[in-house]
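One chain comes next, on its own, written out as structure tokens in the form predicted alone.
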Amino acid sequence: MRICVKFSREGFSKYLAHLDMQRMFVRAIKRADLPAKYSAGFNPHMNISFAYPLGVGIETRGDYLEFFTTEDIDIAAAEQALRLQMPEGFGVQAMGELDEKTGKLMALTQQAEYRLEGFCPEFAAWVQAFLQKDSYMVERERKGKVRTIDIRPMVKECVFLEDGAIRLRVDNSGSASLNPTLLLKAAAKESGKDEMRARIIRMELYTVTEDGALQPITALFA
């Protein structure tokens, strides 16, 4: 079976690096006694992969990972067993089976929704001005290479909520992906500040259907 887990991480757990978080989930799956599939060879490891890596310092209430089992399992019982093994700051929101014929989670993920809280007034003003632009070029460094990219088309929706937070939906696929920290850095640079901060929470990851409809990854659960 191809199993998908929707999980959350909040509080101090946001400072856990991606590889450490991966090891944590492997241990939790083992403790939950789930029959996870391992790779072959001299150094077998659990075949676990994430929809999209979370940056250090970013919280989430809607991220996904997948793994395979060597036999059929009861999804509801497995979800409860895994939930009981989560350390402080982590939670299991949902679990389901994915069709093995569909692509990997990372390939399925097209957009991400974030919630930004606790930002300064200058950042809010910068965002308002940013939304009025057709283009906004910034430099982004990846794997030691610096590229100039246009981040404005990557912002699909940006709404100021009544509680003072911002709901942000952005592209989240390969090179066309936008981390909200890039907006904070751009705003700080333009405003002449050393940095700007905000609490960033990833709320959901979305896939796009053949007819162009947007749906959360959980909609793919069997």
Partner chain sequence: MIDTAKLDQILPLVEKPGRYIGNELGCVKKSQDLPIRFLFAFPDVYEVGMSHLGSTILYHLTNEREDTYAERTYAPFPDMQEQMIKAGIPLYSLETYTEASAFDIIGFNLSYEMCYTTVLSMLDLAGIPLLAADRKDSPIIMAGGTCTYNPEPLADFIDLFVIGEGEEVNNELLDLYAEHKRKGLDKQAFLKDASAIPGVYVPSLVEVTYHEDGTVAKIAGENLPVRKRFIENMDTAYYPEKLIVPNVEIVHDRVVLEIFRGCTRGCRFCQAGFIYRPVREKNLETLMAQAHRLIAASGYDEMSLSSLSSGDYSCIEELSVRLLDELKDKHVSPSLPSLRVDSFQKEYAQKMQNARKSGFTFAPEAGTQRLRDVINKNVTEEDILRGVGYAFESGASTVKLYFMIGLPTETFEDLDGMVELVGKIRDVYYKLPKEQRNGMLKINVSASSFVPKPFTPFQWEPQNDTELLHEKQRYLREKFKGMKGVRFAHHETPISFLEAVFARGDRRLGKVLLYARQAGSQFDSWQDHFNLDWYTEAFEKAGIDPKFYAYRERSLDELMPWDHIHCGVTNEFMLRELRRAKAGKTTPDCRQGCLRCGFEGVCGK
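Residue numbers count along the first chain shown, from 1. Given the structure is predicted, the values throughout are model-derived calculations rather than measurements.
Form predicted in complex with the partner chain: not shown, discussed below.
In the predicted complex, the partner chain sits beyond 4.5 Å of every heavy atom of Arg202. Within 4.5 Å of some heavy atom of the partner chain in the predicted complex lies at least one heavy atom of Gln85. Contact annotation for Arg31: at least one heavy atom lies within 4.5 Å of the partner chain in the predicted complex.
Contact annotation for Val208: none of its heavy atoms lies within 4.5 Å of the partner chain in the predicted complex. For the candidate spot formed by Glu157, Ile217 and Phe221, no residue has a non-hydrogen atom within 4.5 angstroms of the partner chain in the predicted complex. Of the listed positions (Arg27, Arg167, Arg61, Lys189), a single one reaches within 4.5 angstroms of the partner chain by any non-hydrogen atom in the predicted complex, namely Arg27. With the partner left out here, the partner chain still marks one of 170-178, 38-46, 61-69, 149-157 in the predicted complex; by a 4.5 Å heavy atom cut-off that stretch is 38-46.
In the predicted complex, the partner chain lies within 4.5 angstroms of at least one heavy atom of each of the following residues of 1-20: Phe12, Ser13, Lys14, Tyr15, Leu16, Asp20, in sequence order.
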